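This document starts with one chain, in the form predicted alone, laid out as structure tokens.
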């Protein structure tokens, strides 16, 4: 059934279709409407779910962790400073291998205070051990959340998953979204309980772990996160069989066959970059696009294979790692290490909601083409649109 939904409404419908059993939430802009929509489903009787009202985002994640350890399917939403406030518990959830799913409605971090989108909030949590997916439109928000539950609950993974979409650009903008039938989703995503806690058999969890075991725990956790990329490909293929929509696995290429200069982006920039590539191709430029859907674990092998024939790569980062540049550019340079003729041009743009249009991306492309022709060594990173 097709409906006109904004990103927050698409996320709420995904939670309904996934039959989440616990929603723990503290209101934060612009994610709060997801909570409002889900509580509407609960009130109407279309979703049987326990809504846990808490006093902070930190408590929200702690409640979701406890519910998941008791065997429930848990969901929550947040962004920006709320995600930063969760930081301590993020590591508990991943270290305890609990498949909590969280929608992150990306918003700039203060200071200065901002209500507008960028990826700095989730990039700041890149080392916390969660799978991190990015969405380019509202259909992908719904589809990725449904896939996130299956990915996180897969026995080869058993890890939490963040699904990212951008505040206002996606959270408050309506697009046509195709909702799969509840029965079909139930077949794709059966509810299988894996409780850790049992009131009839009390046990201690997260006890002090000595040097003789700690590193082994961390090895197993990292190995599970690495497997998530392979499992995501399987999950995406299975979901395509269900709905006909295939978002690819970790990365998706567009017009890469003979591309000389390839734009690489995540999130809403992908749709804009796709239009920019078409505009450049229309005037004879050999432009291409690589969409990075999975940021953690970073799919270095898939990126390397996709970009092997390119002459140059342009990383478009809606984040800044202060003193180091864009997180996507850093990952690309590491992943492409050894391809000596492959310069990576890094642009920081769109922070705090600064608009980035097709003309901006075609302008960046032409700047890179000129620098490439002149044999200029790429700067570590440069800011665009100041």
Partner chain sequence: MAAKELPVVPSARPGTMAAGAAMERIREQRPVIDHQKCNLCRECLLYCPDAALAVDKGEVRVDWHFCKGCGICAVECPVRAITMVAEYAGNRGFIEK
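Numbering follows the first chain given and starts at 1. Here the structure is a predicted model, which is why all the values come from computation and not from measurement.
Absent from the display: the form predicted together with the partner chain. The rest refers to it.
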TODO: Name the stretch, out of 206 to 214, 278 to 286, 79 to 87, 129 to 137, where some heavy atom lies within 4.5 Å of the partner chain in the predicted bound form.
DONE: 206 to 214
- [ ] Work out which of 172, 115, 245, 97 lies within 4.5 Å of the partner chain in the predicted bound form, going by heavy atoms.
- [x] 97
Task: Proximity to the partner chain in the predicted bound form, single hit among 226, 182, 176, 220 (heavy atom within 4.5 Å) - done: 220
Open item on the list: With a cut-off of 4.5 Å between heavy atoms, is residue 190 one of the residues that contacts the partner chain in the predicted bound form?
Closed with: no
Open item on the list: I'd like to check something about residue 202: if you look in the predicted bound form, is any of its heavy atoms closer than or equal to 4.5 Å to a heavy atom of the partner chain?
Closed with: yes
- [ ] Using a 4.5 Å heavy atom cut-off, state whether residue 255 contacts the partner chain in the predicted bound form.
- [x] no
TODO: Could you confirm whether residue 158 comes within 4.5 Å of the partner chain in the predicted bound form, counting heavy atoms only?
DONE: yes
